[in-house]
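In the form predicted on its own, a lone chain appears below as structure tokens.
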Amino acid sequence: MTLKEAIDVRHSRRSYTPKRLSGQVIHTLTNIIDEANREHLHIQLITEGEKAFSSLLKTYGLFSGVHTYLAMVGPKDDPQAQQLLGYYGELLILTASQHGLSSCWVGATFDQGNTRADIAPGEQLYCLITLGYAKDHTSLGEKLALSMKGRPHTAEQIMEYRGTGPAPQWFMDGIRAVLKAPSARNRLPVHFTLKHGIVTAACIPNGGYEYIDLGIALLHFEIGADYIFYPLRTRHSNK
């Protein structure tokens, strides 16, 4: 499965089986984490993390069976770090999808006091990403989360082409990949502009997660359009 195919396969899931990640999968994810952390991030793979999701008061019953997650830690109040966390977090999610895993970005519905993340002075835990093998059936919590999703976005809402004639195919392929990107509250607060062959991207305020959402969208655009953003140099392949 390519990363482009993983974009179509990936769906947020919140209910998991007890099956644990294999050593091979952990090794693959750890390599990406090591790469990301060279960008002054502090992403951590937690494999015994049940306590972070054991409180119904904190999770509102939206999650069950969570035992493994990624702690998305980086420099405090740093928009560039948040963007990188979104970018690499989504790369980890799509890579996990290639190995048959399901996942979910989690901004607040977990017990932060019971996470096992190592947070150094000057760092911040921005969010978690649950990982695991989803149950065959959709749980009540997952159905509730799906019911809260808004209307699908359109290409026209998130793009602008400043040129003559129709927008080039590669740009539209990137936009279609962005439309499939997850975002906080499903708001997709991003906007892409193509002018003179150069793509620029910006985010719109979205309750504090907009830079993470932008990083996620940048990765989706890169995969869909085979376009590399500076300074986020991709080190992965669509193959």
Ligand SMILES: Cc1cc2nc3c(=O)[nH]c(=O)nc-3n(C[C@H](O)[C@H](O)[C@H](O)COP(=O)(O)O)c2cc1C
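Numbers follow the displayed sequence, beginning with 1. A quick note: this is a predicted structure, and the numbers were derived from the prediction, not measured.
What comes next is about the form predicted in complex with the named molecule, which is not displayed.
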query: Heavy atom within 4.5 Å of the named molecule in the predicted complex - the one residue of Gln98, Gln80, Thr109, Gln124 that qualifies; finding: Thr109
query: Contact residue in the predicted complex, from Leu194, Ile175, Ala184, Ile32 (heavy atom within 4.5 Å of the named molecule); finding: Ala184
query: 4.5 angstroms heavy atom contact with the named molecule in the predicted complex for Ile212; finding: yes
query: Exercise: Leu41 in contact with the named molecule in the predicted complex, heavy atom 4.5 Å; finding: no
query: Partner proximity in the predicted complex: Leu131 to the named molecule, non-hydrogen atom cutoff 4.5 Å; finding: no
query: 4.5 Å heavy atom contact, Thr17 and the named molecule in the predicted complex; finding: no
query: Options 167-175, 61-69, 23-31, 195-203; stretch whose heavy atom lies within 4.5 Å of the named molecule in the predicted complex; finding: 61-69
query: Residues from 1-29 in contact with the named molecule (non-hydrogen atom within 4.5 Å) in the predicted complex; finding: Arg10, His11, Ser12, Arg14
